[in-house]
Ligand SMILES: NC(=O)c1ccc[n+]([C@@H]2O[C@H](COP(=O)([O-])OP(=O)(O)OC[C@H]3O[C@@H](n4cnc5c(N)ncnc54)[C@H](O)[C@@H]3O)[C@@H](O)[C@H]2O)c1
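Below you will find one chain, with nothing else, as structure tokens; this is the form predicted alone, and questions on how it binds or moves follow later.
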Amino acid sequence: MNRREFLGGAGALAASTFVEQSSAAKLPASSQLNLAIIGPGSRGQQLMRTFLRVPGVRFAALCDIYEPRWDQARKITGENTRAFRDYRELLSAKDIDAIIVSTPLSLHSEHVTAALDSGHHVYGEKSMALTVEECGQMRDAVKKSGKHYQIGLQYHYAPWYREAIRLIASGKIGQVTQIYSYWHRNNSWRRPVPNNDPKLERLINWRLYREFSGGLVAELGSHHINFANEVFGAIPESAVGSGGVDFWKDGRETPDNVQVTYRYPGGKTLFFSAITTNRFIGCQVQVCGTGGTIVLTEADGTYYYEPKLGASAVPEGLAVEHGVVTGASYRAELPYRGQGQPIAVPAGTQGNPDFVACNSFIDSLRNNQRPKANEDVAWNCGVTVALGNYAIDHEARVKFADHVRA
């Protein structure tokens, strides 16, 4: 399965609220919205289920070159939903309000741009695009179209992530200097191929092949990278990385483990690690401030204050709040084992990140408001992902200024 076949003959900081208006018309809150999806694979089907939980949402059409997915998707809609092999035919439909793009990463640029050019709003899966150049082209296409675009970074909307952003901005943990993030799991990341048909291998397991995928940095790291970009208020200045196919010798091309260190303005740092051979750490983000630490998981967040010692970086205000610890000139520097303080999510903001993100997109359409995870957020994250992979591939420090424009 090559890129042309994938195309189906198409040819080659704290919870900010954006209220920027576009050329789109505001829709009544009670109006039905007809969505269509390009790429109802595993992630696409999950998005369908989630969008259908939002009142007044219906899927009117779908597109996939792998026809078994048509019936899978129709079981979700509960209708004999129109299905297409060629996405251009879907985009010509006159009764579609917005397009969901959940295709392999290498196709995002083409599919999203075509959807925008045809006059549709777009919810596009992360990462934005495979290359820096394509990210720029997509951002330009969104701004030119006047349509709404939201990137599928659902943790941008996770209530405990938003509360963590608020706490960080308020100085709760002092100055954030480093973020350490991990997505460690113990499985091959390989999906079963029907009848072990080699013709379907790259269609089903596209994440494992460089032609289509940004690998672990794109599929997993993008969430943590987006968070770091928001905390630091910038994209990185440089990146170094390592990784390889070191355990799963099964023909894959994207690394089965990656480690990337990003340097931000002022020496701030994000370290991201993803492995596929041990799940002890799991998925977590450790935000290290001079006065405390916030740890975020896929389900919750916890705050730990930093005891002030002599000559430490703990801010004076936080030292007054928590006191000063004195002791011998030498002590074993053991990991903190005390009880942290759970991050409480404000009433009325609870919710599953997927649902909050999908519901927010629908609200953006109905109220004609720019999505929070818009094309600029997507570009910031997308180019950071792409250049992290570039650093891994070239085994060298990559300076962002050599590759991106503001």
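Computed from a predicted model, the values in this text were never measured in an experiment. Numbering starts at 1 and runs along the sequence shown.
The form predicted together with this ligand exists for this protein as well; it is not shown, and the discussion that follows is about that form.
*Asks:* Does residue 113 make contact with this ligand in the predicted bound form, using a 4.5 Å heavy atom cut-off?
*Replies:* No, no contact at 4.5 Å.
*Asks:* Heavy atom to heavy atom, is residue 144 within 4.5 Å of this ligand in the predicted bound form?
*Replies:* Because no heavy atom of residue 144 falls inside 4.5 Å of this ligand in the predicted bound form, the answer is no.
*Asks:* Should residue 102 be counted as a contact of this ligand in the predicted bound form, where contact means heavy atoms within 4.5 Å?
*Replies:* Residue-level check for residue 102: yes, a contact with this ligand.
*Asks:* Given that the partner is absent here, does residue 154 sit within 4.5 Å of this ligand in the predicted bound form, heavy atoms only?
*Replies:* Looking in the predicted bound form, residue contacts with this ligand include residue 154, since a heavy atom lies within 4.5 Å.
*Asks:* Flag this candidate site as yes only if 66, 108 and 125 all have a heavy atom within 4.5 Å of this ligand in the predicted bound form; otherwise mark no.
*Replies:* Heavy-atom distance to this ligand in the predicted bound form: all three under 4.5 Å.
*Asks:* The chain here is shown without this ligand. Which stretch in 358-366, 56-64, 372-380, 337-345 comes within 4.5 angstroms of it in the predicted bound form, by heavy atom distance?
*Replies:* Among the listed stretches, the partner-contacting one is 56-64.
*Asks:* Pick from 160, 206, 227, 305: which has a non-hydrogen atom within 4.5 Å of this ligand in the predicted bound form?
*Replies:* That would be 206.
*Asks:* Counting only heavy atoms, which residues in 40-66 are within 4.5 Å of this ligand in the predicted bound form?
*Replies:* 40, 41, 42, 43, 44, 63, 64, 65, 66, in sequence order.
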